[in-house]
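Coming up is one lone chain in structure tokens, specifically the form predicted alone.
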Amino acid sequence: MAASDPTGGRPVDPSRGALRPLGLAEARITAGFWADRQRVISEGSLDHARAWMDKVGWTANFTIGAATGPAEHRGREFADSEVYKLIEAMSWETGRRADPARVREIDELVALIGGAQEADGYLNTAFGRPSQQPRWSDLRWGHELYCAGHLMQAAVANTRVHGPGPLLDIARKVADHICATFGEDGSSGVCGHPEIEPALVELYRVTGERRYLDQAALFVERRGHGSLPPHQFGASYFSDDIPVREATVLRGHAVRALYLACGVVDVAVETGDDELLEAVAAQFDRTWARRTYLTGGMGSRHMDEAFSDDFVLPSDRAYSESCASVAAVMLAWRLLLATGEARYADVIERVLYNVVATAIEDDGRAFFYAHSLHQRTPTRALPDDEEQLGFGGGPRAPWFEVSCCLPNVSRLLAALSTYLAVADDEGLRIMQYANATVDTRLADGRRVALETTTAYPVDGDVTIRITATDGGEWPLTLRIPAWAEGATVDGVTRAAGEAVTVRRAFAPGDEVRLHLPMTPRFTTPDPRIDAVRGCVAVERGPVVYCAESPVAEPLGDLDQLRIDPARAPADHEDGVEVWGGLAAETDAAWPYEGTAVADPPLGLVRLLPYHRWARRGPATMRVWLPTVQSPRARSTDG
């Protein structure tokens, strides 16, 4: 096993597929939109998460039973996993940017974790000790395999960045114990929260240990047969109602379903099971078409954090958990690498700019758990030192009783440069547009390097300049997003949704110029989405916009807002303007009298990017905007 991955490490490293991902040493974000968010994670979120995990006792759980350790477990049954996700985020961050102090912090946490591991490899702080439930006694809800999966993914990240070390040893012992316990001759159980499946495959990719892949495949095939005990949310909540190969759409708890799908893609790719790959791709495609919000958010039921039926997508009850957005990016990335279909990069772009970018506060020390598309009552300011017990909506909070989202978003953003570009059999493909550098070798061994400069997503101009090449002809492919009607490459108009290849013998200094039109546009929903029928939304490039009414500078009651869709939205400073107004509020004794509300006087209404909402204090907000009864292209009102 190499001292470390020469590419600098990448979250997913399949042995086969249409495209090859690049590592942290091959692709770097240098400035702009995503560099700012990586800085926030580095300077704010990682330390904030560590401080809170220490404060609420999650790190100390690993010392239960020690002379100076706590007497009992603190936090939820999956608290261990949050520490592991934090280590994974720190590992990617130290691969992105050298930080000896952060590396020492990782080492200290790893030593703490190693001290809690049993001789046979078992490791979990919530089970198996005196006064705790026995090991593996609650597969439905205990999250033991889930926690083990996040431990493995942390070990994979740390190994790819820094080389094999104690964390990999710990993870292998856990994996060996799981294979012995749940292998062909062991327990036939599955975990109530999928995650172990993709983790085992990635551990196989790092170590070459085939039984880890075999165990992941076994978990995939066992799922869907109702093996978990009954629960009020039903077997679909655990993705245990239909065998993976027979399902047609993602169901149940959104994060569970998406994590499982990631593992299914990984197993399919590594075993060459194209039928399995086609099945999970079809499930995701149907989910994207029928069960996904405009922002790319997934999950429309608060009660069970779950997908609902097709087209049941209420804005004011959108759950759209931050973790589900991370999982959606993970899944779309795997499908992109496996199939080479650029439409999955469109999925990633939408989710990144409209959910991931929305999640974290500007200083990195508060975050959304869920993402409403319609906040009817003002959010409220929360104290910095108080853990929030409710996590199904409301404002960004410094910490929740369930705080999976902050370390999850952090691990994605720390490794985000690895999602920008890929290599194919001949050349390079640019999948996401950001200020970045790429320096890698083509399949035939030739070195190529380039630099992209852009103000994306504020501006749609992207310049790609070749900075090094070993000579000879090779293709550079650019993704034209499906929304980008009128896009040009070197001045030539290209079709939206197309992958444009420029093939030549590039020389240092050569440039390719991409222009993506950023004209604001109205978007109308499928009429089967009852909750937003009669509404429009506004998008500009990949960004969804919203109306916001901060308490400090109120726009008015957004429930009364009406927009004239006959007047096109237009750019205004750092936002977009539409033609609309506030209808007169009625106080009827009964809300079903059918009294028509007259169209309001119209004027300019300013919208802002959805990812910027709730950053000016308590506010109301809505993405979908009701329309006036009588649209008119020109108005003399207001």
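Owing to the predicted nature of the structure, the values given are computational and were not obtained by experimental measurement. Position 1 is the first residue in the sequence shown; the rest follow in order.
One more form of this protein, predicted together with a further copy of the same chain, exists but is not displayed; see below.
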Q. Any chance all of F311, D316 and L389 sit within 4.5 Å of a further copy of the same chain in the predicted bound form, going by non-hydrogen atoms?
A. yes
**Q.** Which of 465 to 473, 533 to 541, 447 to 455, 119 to 127 sits within 4.5 Å of a further copy of the same chain in the predicted bound form, heavy atom basis
**A.** 533 to 541
Q. If you check in the predicted bound form, is R429 within 4.5 Å of a further copy of the same chain, heavy atoms only?
A. no
**Q.** Contact flag, R290 vs a further copy of the same chain in the predicted bound form, heavy atom cut 4.5 Å
**A.** yes
(Q) Taking a further copy of the same chain as it sits in the predicted bound form, is R135 near enough to touch it, meaning that at least one heavy atom pair lies within 4.5 angstroms? (A) no
Q) Is R74 close to a further copy of the same chain in the predicted bound form, meaning a heavy atom pair under 4.5 Å apart or at it? A) no
Q. Which pick from T523, T271, T339, T437 sits with a heavy atom within 4.5 Å of a further copy of the same chain in the predicted bound form?
A. T523
Q. Of R562, R479, H371, R365, which residue is found within 4.5 angstroms of a further copy of the same chain in the predicted bound form when only non-hydrogen atoms are counted?
A. R562
Q.
For the stretch 558 to 588, I need every residue with any heavy atom inside 4.5 Å of a further copy of the same chain in the predicted bound form, listed N to C.
A. D559, Q560, R562, E585, T586, D587, A588
